[in-house]
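As a starting point, one isolated chain is supplied in structure tokens, in the form predicted alone.
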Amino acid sequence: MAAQNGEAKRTKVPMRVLVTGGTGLVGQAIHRVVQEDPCEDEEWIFVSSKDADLTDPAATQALFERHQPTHVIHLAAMVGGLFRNLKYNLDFWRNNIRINDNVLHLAYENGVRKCVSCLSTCIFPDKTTYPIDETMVHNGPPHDSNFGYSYAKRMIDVQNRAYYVQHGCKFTSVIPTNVFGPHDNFNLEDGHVVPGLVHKVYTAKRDNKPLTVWGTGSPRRQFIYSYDLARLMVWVLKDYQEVDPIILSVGEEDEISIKECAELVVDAMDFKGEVIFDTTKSDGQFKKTASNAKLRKYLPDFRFTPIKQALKETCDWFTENYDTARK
């Protein structure tokens, strides 16, 4: 259910969930999921960078004092696509380390019963065997392209374990593969693969021009729809009891190439023009296939939205909300 206010209400609500980064891609998806299946004994509070600068300890403390959460889903981060990461690795490291330390420490100091943080498959070693799983996070350096962001996210796992060992805190983390869906950042320079493709196809179709896809199209990725991820994160918050992270992803068999992804977006947008792959642009990491065996052990019957349907819904949302979408 949406956020409720008032001290009288607060004394009756046993579960008050603060969602940092609550207006972003995953936060918006969680908001929709909890609205579709509301619980009277839950209060959900979605905050954004406008509500508090989480790099500032005092501002973070004020946020926790204002909302007094019993649980936290920590999504807030400095994020960006491949080319922004290449340029600002130091900024990604420093800002994310500050955000994560402030949120986790204030969660501890305020007696938060459970904190679930969101990591990324980019934290895994660049040189590794596949599929990667939760035991391999710290087995070697991440890819050079985004090492600042990757190491900052890895440190959440270290910090979660330290809070558990020293204070018994039930802080944990999830590792989603490439997330996409409505309310994504569709910026052409800094966006991730799917939103960047959606925006490019929309523009090419509108302007009657060829579609240019950066790179060779050969790298392979597992994509997870934001609403599937949201449902899984609510499950983690309520039912997953481990401190160790859990990968939230479609199966290895559902991994597709960037070229295949582009073709699906082209079909979803009914684009009939020429498609050009600009091979002068970097491909980034070729693959980072992740195992969802641990997730399947817990939820063997969870059904993911077929990627064709999920991409169509994302394209339709972007087309309908073009003027207000983040671009």
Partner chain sequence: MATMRVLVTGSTGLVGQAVQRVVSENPTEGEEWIFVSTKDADLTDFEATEALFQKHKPTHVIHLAAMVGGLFRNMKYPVDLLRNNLHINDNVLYNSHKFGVQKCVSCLSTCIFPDKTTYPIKETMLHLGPPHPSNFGFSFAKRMIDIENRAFNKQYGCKFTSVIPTNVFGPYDNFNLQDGHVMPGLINKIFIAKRDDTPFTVWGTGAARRQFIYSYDLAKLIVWVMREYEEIDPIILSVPEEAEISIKELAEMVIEAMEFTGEVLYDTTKSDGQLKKTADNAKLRGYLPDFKFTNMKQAVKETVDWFVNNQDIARK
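Positions refer to the first chain, counted from 1. Keep in mind the model is a prediction, meaning the values are calculated, not measured.
We do not show the form predicted together with its partner chain, though everything after this point is about it.
Heavy atom within 4.5 Å of its partner chain in the predicted complex - the one residue of 178, 110, 185, 89 that qualifies: Contact with its partner chain in the predicted complex is made by 89 alone.
In the predicted complex, the one of 227, 202, 235, 93 near its partner chain [non-hydrogen atom within 4.5 angstroms]: The residue from 227, 202, 235, 93 that makes the contact is 93.
Contact stretch among 208 to 216, 140 to 148, 116 to 124, 246 to 254 - heavy atom within 4.5 Å of its partner chain in the predicted complex: Of the options, only 140 to 148 has residues within 4.5 Å of the partner.
Exercise: residue 83 in contact with its partner chain in the predicted complex, heavy atom 4.5 Å: No - in the predicted complex, heavy atoms of residue 83 and its partner chain never come within 4.5 Å of each other.
4.5 angstroms heavy atom contact with its partner chain in the predicted complex for residue 101: Looking in the predicted complex, residue contacts with its partner chain include residue 101, since a heavy atom lies within 4.5 Å.
Partner contact for residue 155 in the predicted complex: its partner chain, 4.5 angstroms, heavy atom: Taking the distances in the predicted complex, the answer for residue 155 is yes, it comes within 4.5 Å of its partner chain.
Interface membership of residue 241, its partner chain in the predicted complex, 4.5 Å heavy atom rule: No.
Interface residues of 146 to 173 toward its partner chain, as seen in the predicted complex [heavy atoms, 4.5 Å]: Read in sequence order, the residues that approach its partner chain (within 4.5 Å, in the predicted complex) are 147, 151, 155, 158, 159, 161, 162, 163, 165, 166, 167.
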